[in-house]
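Heads up, the chain shows up twice below as structure tokens, two forms, tagged structure 1 and structure 2.
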Structure 1
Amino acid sequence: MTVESEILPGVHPEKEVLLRNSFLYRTKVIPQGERIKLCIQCGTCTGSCPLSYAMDITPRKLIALFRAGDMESILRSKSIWICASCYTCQTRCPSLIKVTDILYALKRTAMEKKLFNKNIPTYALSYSFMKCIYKYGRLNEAQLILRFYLRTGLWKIINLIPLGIKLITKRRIKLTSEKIKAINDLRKIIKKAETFELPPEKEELAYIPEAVGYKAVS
């Protein structure tokens, strides 16, 4: 075993550094995203979450694992995909940590690095949705379902065939959609948006720095 391959105290492995940098970059565009470092591990987020019972890693433990340097376990967990975005954890956090928004940052990081929990194919639904929008400029439900099952297992769609036939015969869904008139303009907007470097949003202090501490008496 070489020195480089060993886990040295206080030094993250190269893979962990890459994952952390990608995640921290995304937290910079979250207003007050830097407050993640203020977590006191009180567990209010976990106690408030209506879906924590179904999670393999609770919200409190997610932040604990981040501090411990285990980003891969977080990104491969099903917890980040189970979140219902009810924002209860974020509302009740005594440290004002943007827990739900941080979970979204973890989802984007997992999709970027292709580290998924295979049992929770929510990422496939997200990919399929974006493909539909990019192709037609609008959502086509039949195309969305077909693209989703092409990614996750086409055989699973067999049970949905009777329902699909009913919906088609009653004209509730269409197999194809017409593209919107300005589809090329929409695609240009999407491509341009992907190149934007969003500026970090910093927390607005609830006090005047010059009015507290040594600055106030000097």
Structure 2
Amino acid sequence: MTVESEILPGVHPEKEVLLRNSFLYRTKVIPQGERIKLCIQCGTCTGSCPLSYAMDITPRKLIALFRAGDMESILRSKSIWICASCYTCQTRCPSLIKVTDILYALKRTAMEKKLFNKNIPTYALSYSFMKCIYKYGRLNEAQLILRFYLRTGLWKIINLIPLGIKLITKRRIKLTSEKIKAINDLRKIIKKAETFELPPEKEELAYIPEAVGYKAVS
């Protein structure tokens, strides 16, 4: 190991700084997103989370790892994809940290930096969802499910047949999608918005105080 690649106290390797910057840039959009710095590691988030038992890194640990300067482990974790957005952690956090919204920011960072396993089904679902909206402006569950299983393995759809039949007999499934009238307007909005989804500018990367571990907590 060369001296340059060694981790020195208070200084992050270049890759870490890059990931941190990208993540912190996204937290800026969240109202009071900067409160992530005020975590007291009490564990209320993990204790409240109905799904923490299934996570590899629990919400409290995610914040601890962020402080310790290990963004890569966070972004590669399964946890951020398991969150069901029930907002219990965010409601109960005594430091008023927007935990659920922070998890969203982490998902977006992981996707931008391509630091996640393509097999994660949540990604396939999100992608299919986005396609549906771009095409029709509204969502049709049957179409979404079909697109999702086309990406993740069509044979799994067999499990859904009993439910599907029941829904059809109860007149609760429509196979054709409703398309909104102003679909072209919506597409214009989406296209324009996508130009704003830019990664942080290069100049910002030089030095940011938040990137320096515990110094960020005054």
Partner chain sequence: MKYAYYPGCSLHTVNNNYDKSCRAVFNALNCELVELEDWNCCGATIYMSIKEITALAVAARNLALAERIGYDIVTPCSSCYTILNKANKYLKSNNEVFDKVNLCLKEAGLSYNGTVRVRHPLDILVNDIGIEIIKLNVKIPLIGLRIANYYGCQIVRPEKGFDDRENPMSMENLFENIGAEDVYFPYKLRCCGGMLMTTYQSSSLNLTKEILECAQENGADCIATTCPLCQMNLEGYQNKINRIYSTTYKIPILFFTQILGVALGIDVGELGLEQNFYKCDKLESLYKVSLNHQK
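Here the rigid core means the biggest group of C-alpha atoms that line up within 1.5 Å when the two forms are laid on top of each other. Values in this document were obtained by computation on a predicted structure and should not be read as measured data. Reference numbering: structure 1, starting with residue 1.
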For this session: Could you point me to the form predicted together with its partner chain, 1 or 2?
Result: 2
Problem set entry | Displaced residue check between structures 1 and 2: Y136, CA, 2 Å or over, core reference | yes
Problem set entry | Rigid core fit then T91 CA moved by 2 Å or more between structures 1 and 2 | no
For this session: Using a superposition on the rigid core, decide whether the Cα position of L51 changes by 2 angstroms or more between structures 1 and 2.
Result: no
For this session: Could the core-superposed CA displacement of F148 between structures 1 and 2 be given in angstrom, to one decimal?
Result: 3.7
